[in-house]
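Only one chain is shown below, in structure tokens, and it's the form predicted on its own.
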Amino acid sequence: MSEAERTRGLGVSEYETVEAIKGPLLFVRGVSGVAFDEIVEVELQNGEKRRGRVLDVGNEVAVVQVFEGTTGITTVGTKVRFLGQTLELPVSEDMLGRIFNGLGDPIDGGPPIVAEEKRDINGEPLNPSARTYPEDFIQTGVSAIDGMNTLVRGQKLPLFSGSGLPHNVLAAQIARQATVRGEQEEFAVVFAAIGIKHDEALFFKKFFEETGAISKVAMFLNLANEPAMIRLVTPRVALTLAEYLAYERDMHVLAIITDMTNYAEALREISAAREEVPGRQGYPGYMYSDLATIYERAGRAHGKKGSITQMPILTMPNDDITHPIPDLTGYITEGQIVLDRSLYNRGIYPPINVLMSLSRLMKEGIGEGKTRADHANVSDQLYSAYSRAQELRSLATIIGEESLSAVDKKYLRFAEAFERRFLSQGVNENRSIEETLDIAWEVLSILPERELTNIKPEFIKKYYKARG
């Protein structure tokens, strides 16, 4: 009996029929009984073994993505074993405080993970009828988010950024500071970094270690010099742990994924290697549904105490919010936080453009008993006043500030105070929602009382303190 026949009886089939190698893909002919997403072991002539998975099967040809890349692999003498199972991640609560690579292997020098169970990295669909509507406030300690674009437990709220903007710093700050107010359940952070540079990986590791947040963070790091295939696996591996912690260990989990642009680029690279018909700007036509398989792994479920809240981060190519990646992401998620280059160039951190940002579930997570009774009114007034102030800034560049009315000049003062006092804060500054709202009233009090048309009189009477 041949080795191929023997292993096939154990659910494993082996072939030495590599027909072609293209990029990270192997084309294996003459296969049968092979399934999509099946895990593959590739053995080179020198005995080295690499892992991969089946990407496509048809006409007795299997397309295999090799995680570690195809460098050194030849069409002669290479053995390809189909293992009859999908990629699984050993999961455990002990993974918190540890650092892993994109495939879930420990890279922090610690002991191997003793698995409590193994889970398919593709997850299981959550029946829509089993979902609980998100409505509980998460305090990030960042005023621009908590005050005007509130994050709600179980929500998916992406961060749209640009090259060179401090999205990594903001992501690390949110991961360290995020808390669920008024509840005793444990809050964990699953942090997945996709295609980042080595110095960025060191930044995240050092930041979490120095702030003491590493004990509640599980980090999955995929570096830019690693094969594109691993970028497609990293977020799924991280979310598999998040689902286990949330639905089996009753934890509230914040899943931060950066950078989804690198993920989409890897998706385009693999699609081009497969010679698929490209869609917008060369990205595959199925990118929307592929992104949805990641973003939709967030939420709450009936009968489960835990939850998964997602903050995917993506850098917009050329700061273009209409680019396919942010455009499709916006359709799937429940709002967006947008970083602004002009604010950043003026030294404002975090440079969040609140007028372009939105949290569609904010109204469900704020108000009396959750944040504060005046929260919704204050947020509406800040939006209204800042929007008018921006229009007046544009007008002042044309006709001159001296031509504006006294009230208009107060709006310009408000805008400056709003950006310097409310938006701007330190990297290690963790503001409570009460502090955020108090600062909001401080800057709103620059305006005449009659201008506060979005706030109820009882709130004005309680919090408004006129400033000259």
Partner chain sequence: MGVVGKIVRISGPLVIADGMTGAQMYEMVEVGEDRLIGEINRIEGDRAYIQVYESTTGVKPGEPVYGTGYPLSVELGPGLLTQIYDGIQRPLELIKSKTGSIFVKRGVKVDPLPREKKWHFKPVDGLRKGDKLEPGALLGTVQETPLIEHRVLLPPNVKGKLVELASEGDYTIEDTIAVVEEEGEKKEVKLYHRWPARIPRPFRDKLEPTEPLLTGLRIIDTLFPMAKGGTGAIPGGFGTGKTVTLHGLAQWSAARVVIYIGCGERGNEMTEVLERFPKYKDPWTGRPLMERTILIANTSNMPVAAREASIYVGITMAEYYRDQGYDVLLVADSTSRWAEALREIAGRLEEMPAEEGYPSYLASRLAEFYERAGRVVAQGTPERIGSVTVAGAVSPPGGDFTEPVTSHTKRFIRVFWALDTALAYSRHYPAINWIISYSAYAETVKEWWHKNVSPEWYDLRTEAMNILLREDEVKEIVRLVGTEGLSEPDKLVLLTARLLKDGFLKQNAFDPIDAFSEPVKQFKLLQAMIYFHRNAMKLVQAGKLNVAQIQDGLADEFSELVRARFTVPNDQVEKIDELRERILNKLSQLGGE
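Here, rigid core means the biggest group of C-alpha atoms that superpose within 1.5 Å across both forms. Numbering follows the first chain given and starts at 1. All of these numbers come straight from a predicted model, not from anything done at the bench.
Separately, the form predicted together with the partner chain exists; it is not shown, and the next lines address it.
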property	result
Candidate site 111, 115 and 215: all three near the partner chain in the model of the complex by heavy atom within 4.5 Å	no
Contact assignment for the partner chain in the model of the complex, among 286, 187, 203, 344, heavy atom within 4.5 Å	286
Of 162, 365, 326, 195, the one that lies within 4.5 Å of the partner chain in the model of the complex (heavy atoms)	326
Contact of residue 58 with the partner chain in the model of the complex (heavy atom, 4.5 Å)	yes
Contact test in the model of the complex: residue 302 vs the partner chain, heavy atoms, 4.5 Å	yes
Contact of residue 207 with the partner chain in the model of the complex (heavy atom, 4.5 Å)	no
In the model of the complex, residue 296 touching the partner chain (heavy atom, 4.5 Å)	yes
Residue stretch of 117 to 125, 250 to 258, 223 to 231, 92 to 100 approaching the partner chain in the model of the complex, non-hydrogen atom distance within 4.5 Å	117 to 125
Neighbours of the partner chain in the model of the complex among 390 to 404 [non-hydrogen atom within 4.5 angstroms]	391, 395, 398, 399
Residue 458: Cα shift of 2 Å or greater between the shown form and the other one (core-aligned)	yes
Core-superposed C-alpha of residue 18 shifting 2 Å or more between the shown form and the other one	no
Core-aligned C-alpha movement of residue 39 between the shown form and the other one, 2 Å or more	no
